[in-house]
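Just the one chain here, the form predicted on its own, laid out as structure tokens.
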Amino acid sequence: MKITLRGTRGSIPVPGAESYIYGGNTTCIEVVAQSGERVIIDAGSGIRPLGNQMVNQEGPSHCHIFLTHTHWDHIQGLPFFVPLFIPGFTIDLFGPVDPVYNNSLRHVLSRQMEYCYFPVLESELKAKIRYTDLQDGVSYQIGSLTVQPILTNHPVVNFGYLITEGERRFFFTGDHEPPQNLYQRGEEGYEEYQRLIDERLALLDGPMQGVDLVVADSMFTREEYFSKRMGWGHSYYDWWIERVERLNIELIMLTHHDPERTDRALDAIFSELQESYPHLIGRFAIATEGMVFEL
């Protein structure tokens, strides 16, 4: 499979000179199977240039978009995805439902294309669009790719995706925060809550064991996370790097960059991480928009 990072920024696009190296588009990853099918994970602003490329090049007029969740930075590029407007294209959309308001994926996505937000309604799009509400662990076969959604930890239902093609495996975490025990050690309820956390982590760690490539939400430094960002739904760099060795991950790319983080700041963080984990140099890096991986 061929994997291209089309958007590496979290929360909001940040175009400009200070994001020139690592990129300013929000989350989007393209995966092309050896059999030719195209899978797109998330529809942040990075999906817009990908859509332009798709309509200007010869290639399949059918793609599969898997959404990790429907927070805005993961769907805000969808109304600008040109294939949706062209007859003859077929777009299969997969993602979680909204259990809070009991809304389907189609309902949630259609809301951002109402006239008060966007000049074209979802019902006016010309492509053939099919929606699938996903369930945790239920896999889909897309050509030679097997795509398995795996529940991660975020303020809304969020799926990471394990994509397998033959012996090669790729995992994208979507947004994920390390689960924290609400109780202090020694308090009543601590042991029971920790057991639930350990069970949930085992369900996440299992599919990542020995994966060739992981792209992981790493929005914060350890200091930022524990001082003022706990509960925001995102991870910190060290939490993932420490899993490289434990889970025998070949390579992990750290993504979902804080929009306030300049290229220079990301360079400085990467240097500090290399000093902290010299034995893992070469097995982690800062994700850069446009990076391509062949597995």
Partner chain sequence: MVEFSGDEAQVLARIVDTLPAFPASVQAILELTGDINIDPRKLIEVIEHDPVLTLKILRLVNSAAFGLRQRMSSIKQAFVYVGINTVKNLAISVAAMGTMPHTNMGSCRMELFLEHCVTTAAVARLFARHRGVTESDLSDYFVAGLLHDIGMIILARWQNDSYATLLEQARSQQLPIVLLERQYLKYDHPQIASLVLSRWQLPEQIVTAVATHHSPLERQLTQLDMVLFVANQVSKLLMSEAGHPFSKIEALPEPMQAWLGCELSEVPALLGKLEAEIEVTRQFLQ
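This one's a predicted model, so the numbers in the text were calculated from it and none came from an experiment. Residue numbers count along the first chain shown, from 1.
Unshown form predicted in complex with its partner chain; subsequent notes refer to it.
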So which stretch, 121-129, 134-142, 84-92, 214-222, is the one near its partner chain in the predicted complex (non-hydrogen atoms, 4.5 Å)?
134-142
Spell it out for me: taking its partner chain in the predicted complex, does every residue among N103, R111 and Y193 have a heavy atom no farther than 4.5 Å from it?
yes
Checking G210, P99, G166, G206 against its partner chain in the predicted complex, the residue with a non-hydrogen atom inside 4.5 angstroms turns out to be P99
Just checking whether P155 would be counted as a contact of its partner chain in the predicted complex - the rule being heavy atoms within 4.5 angstroms.
yes
May I ask you to check whether F80 falls inside a 4.5 Å heavy atom distance of its partner chain in the predicted complex?
no
Applying a 4.5 Å heavy atom distance criterion, does Q76 contact its partner chain in the predicted complex?
no
4.5 angstroms heavy atom contact with its partner chain in the predicted complex for V147:
no
